[in-house]
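So this first bit is one chain, no partners, the form predicted alone, shown in C-alpha cells.
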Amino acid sequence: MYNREVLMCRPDYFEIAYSINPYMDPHRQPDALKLEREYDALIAAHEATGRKVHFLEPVHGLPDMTYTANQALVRGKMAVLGNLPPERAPETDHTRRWLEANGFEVIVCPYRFSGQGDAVPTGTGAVIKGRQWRSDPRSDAFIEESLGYEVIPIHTVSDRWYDDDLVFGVIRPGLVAVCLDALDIDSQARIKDHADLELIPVSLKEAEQFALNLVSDGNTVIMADGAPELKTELERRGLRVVACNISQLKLGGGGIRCTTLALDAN
C-alpha cells in the first residue's frame, strides 16, 4: 500500500489571499494558533503510523503551498508536475527542485492538471481522474503515457467537488470510499462497473465534511472528524481510524489528503 512516504509543507504563510474554489473567502481568514495546532496534530498522526514525512520549505507569497497533493503525481521514481491555476503556478518550481534533488525524474504536464488532487491512485495500477474543473481532459492520455496508469475518468456534479480527492478516498488497494451523489450518472456507472474496485458508499453530508479527503495505508485511516458513519464502517472492517479537526485547513478548500503528497503511489 502507498502513503508510507509522503511530502508535506508547513502552513507558515497560509492565508486566504484569493478565491479559486467555492470554499475560499478572503473575508474568512484562518486563526494562526488553531492552524498550527491542527497541523501539528496531523503530522503526529502520520508519524504515529510509522510514516516517513518529508517537508517542502514553505515560501512567503505562496499561501496554498501547504496543499502539496496538487503539485505533482508520483509513481515509482517518476513525477508529473501539476499545471495549476495562475495563483498557484509558482509552487511547482519549488516542488520540482525538491523532487529532482531526491532522485525523481520530473515531467512537465503541458495541460491543466491538479496533480494527485485530481488523480487518485487506486493501488491497482489505475487512477481515478477528474477532467473538468481543474484538469484538462487531454491530461488523461498524458498521465497514461508518462506514468503507465490506467485512467478512470470521472465528472463531478458541481465545482464544490473541484478535485476528485474530495469525492474518493482509497482505503486499501481496490477498496475505495466514494460519494456517488457527487458524480454524474455516467461516472457513477463507470465506477460501479469497474472490475477492480470495491466501493464504500459515503453520504453527501459526510463528504461535505471532507471525510473522503483522507490518507490510508491499509491499516490506519487518518480522516477529518464529523463523519461518524464512515468512521464506524471503516472500524467495522478492522481499520484503525484517527479523526482530526481540520477546520482551518478547510477554509482554503483542502483537507488531509490535500496536504499530503504520496511519494510511493502505485
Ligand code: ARG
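All values reported here derive from a predicted model rather than from experimental measurement. Heads up: residue numbers just count along the shown sequence, starting at 1.
What comes next is about the form predicted in complex with the named molecule, which is not displayed.
The named molecule in the predicted complex comes within 4.5 Å of no heavy atom belonging to Gly169.
The named molecule in the predicted complex comes within 4.5 Å of a heavy atom belonging to Ile20. With a 4.5 Å cutoff on heavy atoms, Tyr162 counts as touching the named molecule in the predicted complex. Put simply, Arg134 is close to the named molecule in the predicted complex: some heavy atom of it is within 4.5 Å.
This chain is drawn without the named molecule; in the predicted complex, the residue among Arg190, His155, Arg88, His94 with a heavy atom within 4.5 Å of it is Arg88. Screening 38 to 46, 193 to 201, 236 to 244, 62 to 70 for residues having heavy atoms within 4.5 Å of the named molecule in the predicted complex returns a single hit, 62 to 70. For the partner-free chain shown, Gly252, Gly253, Gly254, Cys258 of 237 to 265 come within 4.5 angstroms of the named molecule in the predicted complex, judged by any non-hydrogen atom.
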